[in-house]
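Heads up, the chain below is alone and in the form predicted on its own; it's given as structure tokens.
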């Protein structure tokens, strides 16, 4: 039953991403050329809501669906972590025209060439896992 609720939430997320044009290559292209506020508005509102929700979870000490307290471990704040990781993420986003959420939305919308991008993302994640111990964090 829980899997069905996750599937429903994923479908709802995909429909929302498609309807607000967050999966549109043209909108992403506009964003990287600083020609439109559309994507910055979506990303900014998601960031704002994320901060509010995380602070609420921390202040109320909420529990997950299994009754386990939700704990958010602090991350190291190193320049290499964010500069290198952000650069790779941004380059991949700019070259493919999609970040991870919209990639799956595009598959659901019938754009099968995005499967090549998803394969590259999974391969990149695998390579990171193999090289993680050698990288600066």
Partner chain sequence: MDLILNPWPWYVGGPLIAGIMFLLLWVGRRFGMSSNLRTVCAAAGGAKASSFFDYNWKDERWNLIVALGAVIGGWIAMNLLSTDAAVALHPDVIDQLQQLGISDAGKAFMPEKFFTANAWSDPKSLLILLGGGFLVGFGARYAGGCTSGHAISGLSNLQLGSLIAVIGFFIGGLVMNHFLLPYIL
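Numbering follows the first chain given and starts at 1. We call the rigid core whatever largest set of C-alpha positions still superposes within 1.5 Å between the two forms. The structure displayed is predicted, hence computed values, not measured ones.
Below, we refer to the form predicted in complex with its partner chain, which is not included among the displayed structures.
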| query | finding |
| --- | --- |
| Residue contact check: residue 58 to its partner chain in the predicted bound form, 4.5 Å heavy atom | yes |
| Residues in 39 to 53 with any heavy atom within 4.5 Å of its partner chain in the predicted bound form | 40, 41, 42, 43, 45, 46, 47, 49, 50, 51, 53 |
| CA of residue 56, rigid core aligned, shift of 2 Å or more between the shown form and the other one | yes |
| Direction of C-alpha distance change in the predicted bound form, residue 9 to residue 72 (at least 3 Å) | closer |
| Cα-Cα shift for residue 65 and residue 125, closer or farther in the predicted bound form, minimum 3 Å | farther |
